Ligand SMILES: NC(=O)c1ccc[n+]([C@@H]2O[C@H](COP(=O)([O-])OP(=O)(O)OC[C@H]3O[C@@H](n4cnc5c(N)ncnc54)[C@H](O)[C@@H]3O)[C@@H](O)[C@H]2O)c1
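In the form predicted on its own, a lone chain appears below as structure tokens.
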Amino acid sequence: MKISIFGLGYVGCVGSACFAELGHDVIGVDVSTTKVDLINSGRPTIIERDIDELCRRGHESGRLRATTDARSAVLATDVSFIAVGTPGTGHGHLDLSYIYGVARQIGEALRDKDSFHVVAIRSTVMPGTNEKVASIIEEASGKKRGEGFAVVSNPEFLREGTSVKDFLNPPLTLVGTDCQRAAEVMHELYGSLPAEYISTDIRVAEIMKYVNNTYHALKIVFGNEVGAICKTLGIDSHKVMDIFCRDRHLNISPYYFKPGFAYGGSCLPKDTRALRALAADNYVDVPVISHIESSNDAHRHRAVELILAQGRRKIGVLGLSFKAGTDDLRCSPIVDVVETLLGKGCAISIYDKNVQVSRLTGTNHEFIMSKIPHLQHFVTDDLDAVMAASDVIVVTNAEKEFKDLPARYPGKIFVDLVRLWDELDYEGRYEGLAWANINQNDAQNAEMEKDFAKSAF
């Protein structure tokens, strides 16, 4: 395939050399004549393992060259990658002027091109950039997105020092697009790589690099804080983290990495506080570990605000225990939510088949009595009674018996705290706690009458 890559810095140079190595014809584009001359002499623009050999082979095979002429590069290729810099500002925002400048150059070139062209944003950008780039190209080219051209988001996941290896052996290939034709072109382009090819929503692809890198930063900080605590106790932190990483069922797995409700139960709240106290006792400053609980509290507050925002007084809560399949109420986050809603004057009905108030004992009983001493007046094992009595249905546990409730009870307002449904076509309002709206039914947009004024939390 014929490819042009705008920007011959770190990402652009690696991409140019690796695509040429994969057998594609590559034209690098840059305003710097120095970088263009380096590529045209078979040398890289960066210092990186293995990049020298790939640039040399690409040059000798005739598959890799560079130019300062953006128009000729676009007209001679099928796909244009945007890999220019997106420098940060002092406040954490990005300067996207280089991205938009390249988009306009590509658009002006496309005005004189008849064939379909794919523009792939490789640079790290915020959600919404793809749409802006497409509008600039439409304006400059006079062509319509999805017909004369397509803009896809194709974030890179390269580590400095191993970027060539990472490009040729990636964990996955991610392309965000709303155009099937572009998806097929990109799939063909990356088809020889030994990795899963994932085609997804544009805005999902745009945010992935930020999620990845922030998590990588979090892992480093968490490991260092554990190390600082271990050092004061004379414990080998590398042995601790080595064992930690061997658990692939929970510690290194997708199990906990799904946005949902706040954590609770008898273990996580108690043990995170204990580790924080251990650090404090040994005068070790651990900001990340110290703020885990406050972050969890903030998520619980978001749930309260979301429920109150529906403007209805009669609220049904499906699940009181801290997770499905148990009667453990200790530190259950929904208990605090119910306590707050009661204080706001809401009429609460609770269904939980696993919780029988008369049988609660020990710390379980003590906890719930300290929060909702008259719990027996709110809890029932009659699901239909709770549904009939409530305007807002708050789903807090992922029980299978709740799956068909939207079909059985149209017109209710569902507030989903656990992502019980992957998608919905529901004749009523649906709100997810920490994900975009998944309800495809037009009734979602109908004006809802409110009988309960929202108040500040």
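Start at 1 and count along the sequence shown; that's the residue number. Since the model is a prediction, treat every value here as computed from it, not as a measurement.
Here the subject shifts to the form predicted together with the named molecule, a form of this protein not shown in this document.
Contact with the named molecule in the predicted complex, defined as any heavy atom within 4.5 Å, is confined among 152-160, 299-307, 138-146, 264-272 to 152-160. Checking 86, 380, 199, 354 for any heavy atom within 4.5 Å of the named molecule in the predicted complex turns up a single hit: 86. A single residue from the set 340, 173, 349, 124 has any heavy atom within 4.5 angstroms of the named molecule in the predicted complex; that residue is 124.
The closest non-hydrogen atom of residue 77 lies beyond 4.5 Å of the named molecule in the predicted complex. At a distance threshold of 4.5 angstroms between non-hydrogen atoms, residue 35 is in contact with the named molecule in the predicted complex. At a distance threshold of 4.5 angstroms between non-hydrogen atoms, residue 29 is in contact with the named molecule in the predicted complex.
The named molecule is not shown here, but in the predicted complex it comes within 4.5 Å of a heavy atom of residue 98.
Residues 7, 8, 9, 10, 11, 12, 29, 30, 31 of 7-31 are found to place at least one heavy atom within 4.5 Å of the named molecule in the predicted complex.
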